[in-house]
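Have a look below at one chain only, the form predicted on its own, in structure tokens format.
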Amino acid sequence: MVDAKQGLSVLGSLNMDLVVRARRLPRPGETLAGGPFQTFHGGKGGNQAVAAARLGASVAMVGRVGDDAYGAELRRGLAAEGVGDAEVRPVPGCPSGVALITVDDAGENTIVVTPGANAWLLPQDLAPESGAARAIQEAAWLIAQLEVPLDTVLQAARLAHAAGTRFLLNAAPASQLPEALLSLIDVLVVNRVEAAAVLERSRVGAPSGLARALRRLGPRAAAVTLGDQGALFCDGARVLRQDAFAVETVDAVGAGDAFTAALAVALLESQAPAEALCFACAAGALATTRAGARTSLPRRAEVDALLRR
């Protein structure tokens, strides 16, 4: 069972996702006739916070929204899922973050994000006596991504390290990372594209070698998601591999967020690395079976049922 007093803190983005379906993804300069249009609550930070809450963790969110209708709706969405939103503050005169998403008939997607208020989550917002700092320091694990300023992520990592809070970084969107940040990471989570960016390579080679190379940069462990080929976890000399679960895919939006949150929840529960990797892959697979990022995130009973099956 998860200890509610030693839960998760999530620092990251909150966006409104504007999603259109199309037969295929457009080429540069091309206009396509789209299909159904929908809006979903999103942002990698918000998605991972909700995913962790649905899996049974106590979660506090640290983020920023605009002082607009989207911002109010995003906060209501967190509260409805049981995510603590005391440190989700509106930024006066600023719009909320928005993601423009196209999903094709095969479930592949393209995403363009405009950060809006997410860009105003600043290092000074994590001052030592602030509520945001306390949310990080009182948690067993901190989860962060790269849709808020990198300097803020680094400040949060330093706070976590000083307080004995373990730090999981989902290095998405793809970006190079400073050595100061890499040395503070307990678990780094990336896909192949993100791994290439972190390693500053154009080609990433064999997945097992990739996981080892990431860990040599400083993180205590590295997880690499491989889509329909499953995922890897390296925490030293060994590299664990978990095959993907066979499910009927609708779209892949939110799968990485479900995987990341589930891995953090499993580690919070002191699951062994192999069990934690399996749990995370099951959650990620289930997230592909429904449309949307937030709406696709599975609940604990669904993940447990898939694992039993």
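Only a predicted model underlies this, so the values are computations on that prediction, with no experimental measurement involved. Numbering starts at 1 and runs along the sequence shown.
Just so it is clear, the following notes concern the form predicted in complex with a small molecule, a form of the same protein that is not shown.
Heavy atoms within 4.5 Å of the small molecule in the predicted bound form map, among the stretches 263-271, 65-73, 33-41, 245-253, onto 245-253 alone. The shortest heavy atom separation between A285 and the small molecule in the predicted bound form is within 4.5 Å. The closest heavy atom approach of T152 to the small molecule in the predicted bound form falls outside 4.5 Å. The closest non-hydrogen atom of A231 lies within 4.5 Å of the small molecule in the predicted bound form. Contact between L226 and the small molecule in the predicted bound form is found at the 4.5 Å heavy atom cutoff. The three marked residues, Q6, L142 and F167, fail to reach the small molecule in the predicted bound form, with no heavy atom of any inside 4.5 Å.
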